[in-house]
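Just the one chain here, laid out as structure tokens, in the form predicted on its own.
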Amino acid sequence: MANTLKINKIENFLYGKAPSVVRCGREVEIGAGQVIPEINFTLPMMTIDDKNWCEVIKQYEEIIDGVLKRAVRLEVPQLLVEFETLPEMTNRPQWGLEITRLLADKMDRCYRDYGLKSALRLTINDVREFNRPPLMRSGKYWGNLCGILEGSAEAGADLIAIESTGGKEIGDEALVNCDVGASIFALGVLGARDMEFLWNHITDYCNRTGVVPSGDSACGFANTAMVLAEQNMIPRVFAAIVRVISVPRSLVAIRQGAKGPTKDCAYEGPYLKAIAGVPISMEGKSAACAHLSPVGNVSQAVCDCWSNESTQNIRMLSANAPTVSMEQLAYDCRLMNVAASEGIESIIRLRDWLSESDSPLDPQAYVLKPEIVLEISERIIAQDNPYEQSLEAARSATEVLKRDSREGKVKIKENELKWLDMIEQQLETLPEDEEQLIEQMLQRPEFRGKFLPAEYGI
């Protein structure tokens, strides 16, 4: 991957348009000029076992029927449907593949009968962390993950994604302790090494079958940080910096051949779009059904797909929740696409409104501001490997937040400004060489037994 940005000018950093267009499914084009709704859904609270399996199937039938009917009624021009397996559906691959086939068949029929262009993204739940310490490259959980991957094309999946968990056994502890060095180790060393192994496997399968390898997400790291910050359990500035640290890790999937759209819960998406030119899926205000966040509008500013993250199939006053989310996404995308039809000036105006409504109010929103994304991305991509990139990501994010807080461009509380100083001091103690950091981390007693170095090629 070249050490230059695919998008290096703010006037070219736009929603709905990406340098690399993804074509998939039933005539779907992502990044070609239109923002496409991506609907995600899950089951209500229920047991998933042999006894209840018929009821599980009925739930997914009800969900997809309601979603497709509403999409047709609202004349949605293109639709991305994401099915994210639950752990039970990865650990019994035939279950996940059966639901994939059900959804694909319903979407095929809707395309034939009503002309609804659509594509199905299968996101495989990463169950490898069920072992403690996790086995990332062997064992039954790795076998189950491979089992659902190997059957995905025949089952009707158009795109493959995953929210991989490599390094999370260190990342969780790093978050609660606000340990920036351990966060870089978890994401930029362990996570990046696991991503290279995992995505080499995924893209090999996709290249053999014609399925699109779409992308990964640092959800288990950066989104966990965002939720903890929202609950006032860790500083918001630390969550913002972890968000930027996650970029090089997610970039590994693209380096291994992932084409996008990136995962909706990968809020690092704007960086990936700027660096690699891939289309991105994002979530924000319309994902409040899944989690609260301070980035509800700015996350939409340069998206190519717009998602609700996920919602349970529960009854609301109007309809079941996935159908309600389908309507909300359809109207969000309709507004953006009408603005786009009036020319680039209208796109830029709406993009900037979305950005400015959030970015001054929270450091987590500020690091997603398009101008800031381009500035930091250029500094990240100038580095040679994921560790160096992660270290630069942390340094750049810290520097930008301190600088722009002084200039009144972003609101950071006084007590959190002190955290920026502490983070900066932590960063000064970290070595420039990855092997030196690995040696330091292997010596820390609190990490012994938490992870298996050989599972990361160490």
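Note that residue numbering begins at 1 and tracks the sequence as displayed. What you see is a predicted model; the values in this text were computed from it and never measured.
Same protein, other form: the form predicted together with another copy of the chain, not shown, and the subject of what follows.
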ask   = Out of 103-111, 146-154, 358-366, 182-190, where are the residues with a heavy atom within 4.5 Å of another copy of the chain in the predicted complex?
value = 358-366
message = Please identify the residue among Ala319, Leu374, Ile99, Leu135 with any heavy atom within 4.5 Å of another copy of the chain in the predicted complex.
response = Ala319
inquiry  = Using a 4.5 Å heavy atom cut-off, which residue among Ser286, Ser217, Gln78, Asn223 comes into contact with another copy of the chain in the predicted complex?
reply    = Ser286
message = Although the partner isn't part of this model, could you tell me whether Asp384 comes within 4.5 Å of another copy of the chain in the predicted complex, counting any heavy atom of the residue?
response = no
request  = Considering only heavy atoms, tell me if Pro294 and another copy of the chain come within 4.5 Å of each other in the predicted complex.
outcome  = yes
message = With a cut-off of 4.5 Å between heavy atoms, is Asp204 one of the residues that contacts another copy of the chain in the predicted complex?
response = no
query = Wondering, does Thr123 line up within 4.5 Å of another copy of the chain in the predicted complex on heavy atoms?
reply = no
query = Going by another copy of the chain in the predicted complex, which residues of 327-348 come within 4.5 Å of it through any heavy atom?
reply = Glu327, Gln328, Tyr331, Asp332, Arg334, Leu335, Val338, Ala339, Glu342, Glu345, Ser346
